[in-house]
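This document opens with one chain alone, in structure tokens, the form predicted alone.
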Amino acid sequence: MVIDITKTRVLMDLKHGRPLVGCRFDSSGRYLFASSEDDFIVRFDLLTREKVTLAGHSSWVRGMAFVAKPTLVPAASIPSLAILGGLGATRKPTPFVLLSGDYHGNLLWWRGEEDQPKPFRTVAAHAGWIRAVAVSPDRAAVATCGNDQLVKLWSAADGRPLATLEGHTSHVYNLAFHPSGTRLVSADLKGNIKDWDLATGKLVRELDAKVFHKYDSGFGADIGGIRGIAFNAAGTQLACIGITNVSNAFAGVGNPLVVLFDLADGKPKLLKPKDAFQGTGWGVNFLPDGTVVGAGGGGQGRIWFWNPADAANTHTVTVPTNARDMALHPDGSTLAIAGANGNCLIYSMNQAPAVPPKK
């Protein structure tokens, strides 16, 4: 499949009705899960267009991740959303587990493919908001982080605590496993990124992303944090997104920014939108060809694409709502935006028509 970012267009507009907080595709690519300000998680079936509401949290959910059985999810079975828009057929769902973390610090396990998923395990993981959840490449461990300044590791199979990583001195906003599975990075409110060796639990080094933080003396408040984080497939680059140049912490007035780290030397590169957009960057990822894609929101939303060699983005897509999260589909050519208007917008970046012509 050939990706052409200049052909980026809306493939689906999935409606919930209440402002959304986060979104993630499951590992097979059949489902999109979105978390909402009504404390529910909504599952959209992209094959049948069925919407199911998952009840179990009593507060907002930001962190979501998945544990799938790899033998049941061959790469060839991942549906391409470029043609899903024109298919009405159904297929048997692949079993997987959804993990979700909420404002009260609870981490929940769900059987994500069931007709009406219900939590089958709850772990009191953190004192305060779980900001992010990630699953290791081998699907054995779950990592969480939160407002208690801690990073924790859990057994994906039974929820047993495996390790606690201490060292942050502010809310931990995000984390990601290195593709090798041997390292974990965690990033906090003040732009400190810690690189952990999972075999020893020791801190290997720190990366400086303090450009994402500001203390507003007028309001007496810190603002910033790494709102999105991702490794490239080779594990040689790390991208982070957030807000910089803050002039009003109360209103969140500032500019989105991506900081791209070369992991060989730890040096950062700043990737900025060409347009004078005010708001926060909320999601970042790498396309298969190495293109960096980020999304953010203010009054409206934006999707930005960067060639990592250039400081300014090469293409911009306007989103008709405040974009509060972004997820990349396993096919690498489709992404989803969680909107403040209660809609999930799914965009295709491939050259094929969104709906195959009728014969």
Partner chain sequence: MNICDYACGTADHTVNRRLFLGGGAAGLAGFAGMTTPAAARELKSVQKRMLVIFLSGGVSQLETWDPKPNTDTGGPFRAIPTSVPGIHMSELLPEAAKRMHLLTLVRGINTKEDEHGRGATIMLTGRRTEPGLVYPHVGAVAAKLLTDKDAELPGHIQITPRGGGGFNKEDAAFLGPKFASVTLGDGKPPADLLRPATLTTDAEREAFRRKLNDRFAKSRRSAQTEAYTESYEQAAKVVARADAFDASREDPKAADRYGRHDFGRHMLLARRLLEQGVTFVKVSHTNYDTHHENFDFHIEQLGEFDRPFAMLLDDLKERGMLESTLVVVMSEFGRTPRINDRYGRDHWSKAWSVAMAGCGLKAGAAVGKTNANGTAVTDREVNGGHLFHTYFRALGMDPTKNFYPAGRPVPIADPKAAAIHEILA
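Keep in mind the model is a prediction, meaning the values are calculated, not measured. Numbering follows the first chain given and starts at 1.
The form predicted in complex with the partner chain exists for this protein as well; it is not shown, and the discussion that follows is about that form.
Colleague: Looking in the predicted complex, any heavy atom of D195 within 4.5 Å of the partner chain?
Modeller: Flag for D195 set to no.
Colleague: Is D39 close enough to touch the partner chain in the predicted complex, meaning at least one heavy atom pair within 4.5 Å?
Modeller: Yes - in the predicted complex, heavy atoms of D39 and the partner chain come within 4.5 Å of each other.
Colleague: With heavy atoms only and a cut-off of 4.5 Å, decide whether F277 touches the partner chain in the predicted complex.
Modeller: Although the partner chain is absent here, F277 would stay clear of it in the predicted complex, with no heavy atoms inside 4.5 Å.
Colleague: Would K152 sit within 4.5 Å of the partner chain in the predicted complex, counting heavy atoms only?
Modeller: Looking in the predicted complex, residue contacts with the partner chain do not include K152, since no heavy atom lies within 4.5 Å.
Colleague: Quick one: of V135, A249, V123, L287, which gets a non-hydrogen atom within 4.5 angstroms of the partner chain in the predicted complex?
Modeller: Result of the distance check: A249.
Colleague: Which of N255, T94, N232, N147 has a heavy atom within 4.5 Å of the partner chain in the predicted complex?
Modeller: Exactly one listed residue reaches within 4.5 Å, namely N147.
Colleague: Quick one: which of 52 to 60, 26 to 34, 288 to 296, 311 to 319 gets within 4.5 Å of the partner chain in the predicted complex, going by heavy atoms?
Modeller: The contacting stretch is 52 to 60.
Colleague: Given the partner chain in the predicted complex, answer whether the residues V21, R131 and D222 all have a heavy atom inside 4.5 Å of it.
Modeller: Yes, the whole trio is in contact, each within 4.5 Å by some heavy atom.
Colleague: Listed by sequence position, which residues of 303 to 320 have a non-hydrogen atom within 4.5 angstroms of the partner chain in the predicted complex?
Modeller: If the 4.5 Å heavy-atom criterion is applied to the partner chain in the predicted complex, 303 to 320 yields nothing.
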